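What follows is one chain in structure tokens, specifically the form predicted on its own.
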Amino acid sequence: MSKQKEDFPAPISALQKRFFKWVDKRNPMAKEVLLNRKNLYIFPSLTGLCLFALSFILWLLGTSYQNNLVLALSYLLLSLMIVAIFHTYANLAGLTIKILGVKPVFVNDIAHFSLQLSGHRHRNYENLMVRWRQGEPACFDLQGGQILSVQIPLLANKRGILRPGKLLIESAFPLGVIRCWTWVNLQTSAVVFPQPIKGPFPTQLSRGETGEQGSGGQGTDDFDGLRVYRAGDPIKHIAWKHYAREQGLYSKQYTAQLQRDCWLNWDEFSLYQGEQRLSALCYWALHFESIQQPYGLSLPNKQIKPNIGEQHRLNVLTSLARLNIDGGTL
């Protein structure tokens, strides 16, 4: 199993860093995690510490003045805290967390990681709080035997591969005096596309690997073959004979039509620098996709042939997202 690297964008103390390294050893990365005594941690909350201090003060007063009622109150508070330890632990123990996936997003959008939670059939899980280390919390309840799908948000503020890091799951149910929590290492990541920015398109359109140029005219020169019909193809190019024979809907393709396929060439967008070049390429890829214009992508380390469609759009935008400007891929 590959090891996922986690960055710490927010300030983190040396003690926290040592704690997280210890957590990584106890909680190896996985797509599904079962919570039990090996990965759950329990400690009094701030309210619990105050309650413990109050109980200690009452015990001192009760023993000093030999007041049995004050001693009884002190012991009652301590008993409540002890009972809360078992109930708070049981509120998380047996819970299973499974990562389902995440859809790609653009820079500065919110990535929603889909998680599936399930537990024991005869046990309810109350007041659960889940969040990524740098994300916003999501609170929910889980009924016995229920399989619950939740979306955990995280801001995607950088292009590339978003690795959310550790997932915090905690609860202070039922009294709020004991906090039970764990840090889960889920094997997941999201693709973050460049932010599309509108800009001028280069005047010349590249054609394939040969470097030929096309004028963009809808020619009817030499017949080049048939291809599957795509929305936006001229009606006069439809192969009606094949369609009448129930052989499928195809379009006739000509040499001049091949030259209309636009190429998003990294070198031709030299007007832009760095991330702006990727943003411009992203914008024009979305533009050509919206008008059903076949387009290809030529990067320093990869080339995608002209096409259109959802899968082609995803391949192009993913290539832009993973491109390392300094060389290679992210």
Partner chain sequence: MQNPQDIFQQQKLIRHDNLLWLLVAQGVVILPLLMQLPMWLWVIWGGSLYWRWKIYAGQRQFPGSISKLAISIAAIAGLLLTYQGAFGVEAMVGFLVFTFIIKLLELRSRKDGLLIIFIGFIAVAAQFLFIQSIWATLYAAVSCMVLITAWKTIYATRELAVKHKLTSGSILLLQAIPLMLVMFVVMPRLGPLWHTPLLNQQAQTGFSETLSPGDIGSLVQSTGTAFRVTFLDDSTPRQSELYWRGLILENFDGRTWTRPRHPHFTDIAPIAKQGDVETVNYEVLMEAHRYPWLFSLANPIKANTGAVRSRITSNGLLVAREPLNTRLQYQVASVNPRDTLIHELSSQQREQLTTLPEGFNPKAVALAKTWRNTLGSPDAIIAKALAFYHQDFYYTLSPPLLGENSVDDFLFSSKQGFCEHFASSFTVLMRAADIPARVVVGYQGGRYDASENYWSIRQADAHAWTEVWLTGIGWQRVDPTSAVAPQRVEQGIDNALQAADRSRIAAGQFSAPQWLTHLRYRFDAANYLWSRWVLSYDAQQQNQLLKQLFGGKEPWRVGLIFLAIISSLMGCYIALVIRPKWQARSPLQKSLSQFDKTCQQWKLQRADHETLAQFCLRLGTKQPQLLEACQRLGALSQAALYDPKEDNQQQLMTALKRFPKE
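Positions refer to the first chain, counted from 1. For the two forms, the rigid core is made up of the largest set of C-alpha atoms that agree within 1.5 Å on superposition. Every value quoted in this text rests on a predicted model; they were computed, and no experiment measured them.
One more form of this protein should be noted, the form predicted together with the partner chain, which is absent from this view; the next part is about it.
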Residue contact check: T47 to the partner chain in the predicted bound form, 4.5 Å heavy atom: yes
Using heavy atoms and a 4.5 Å limit, would one call W240 a contact residue for the partner chain in the predicted bound form? no
Can you check whether G94 is within 4.5 Å of the partner chain in the predicted bound form, heavy atom basis? no
How about N36 - does it come within 4.5 Å of the partner chain in the predicted bound form, if we only consider non-hydrogen atoms? no
Is every one of L73, H87 and Q143 in contact with the partner chain in the predicted bound form, taking contact as a heavy atom within 4.5 Å? yes
Select from the listed residues G176, P104, P202, G199 the one whose heavy atoms reach within 4.5 Å of the partner chain in the predicted bound form. G176
Can you work out which of V83, L249, I147, L100 has a heavy atom no more than 4.5 Å from the partner chain in the predicted bound form? V83
Specify the contacting stretch among 276 to 284, 262 to 270, 52 to 60, 293 to 301, defined as having any heavy atom within 4.5 Å of the partner chain in the predicted bound form. 52 to 60
Aligning on the core only, does the CA of I147 end up 2 angstroms or more away between this form and the one not shown? no
Quick check: V70 between this form and the one not shown - does its CA shift reach 2 Å or more after fitting the rigid core? yes
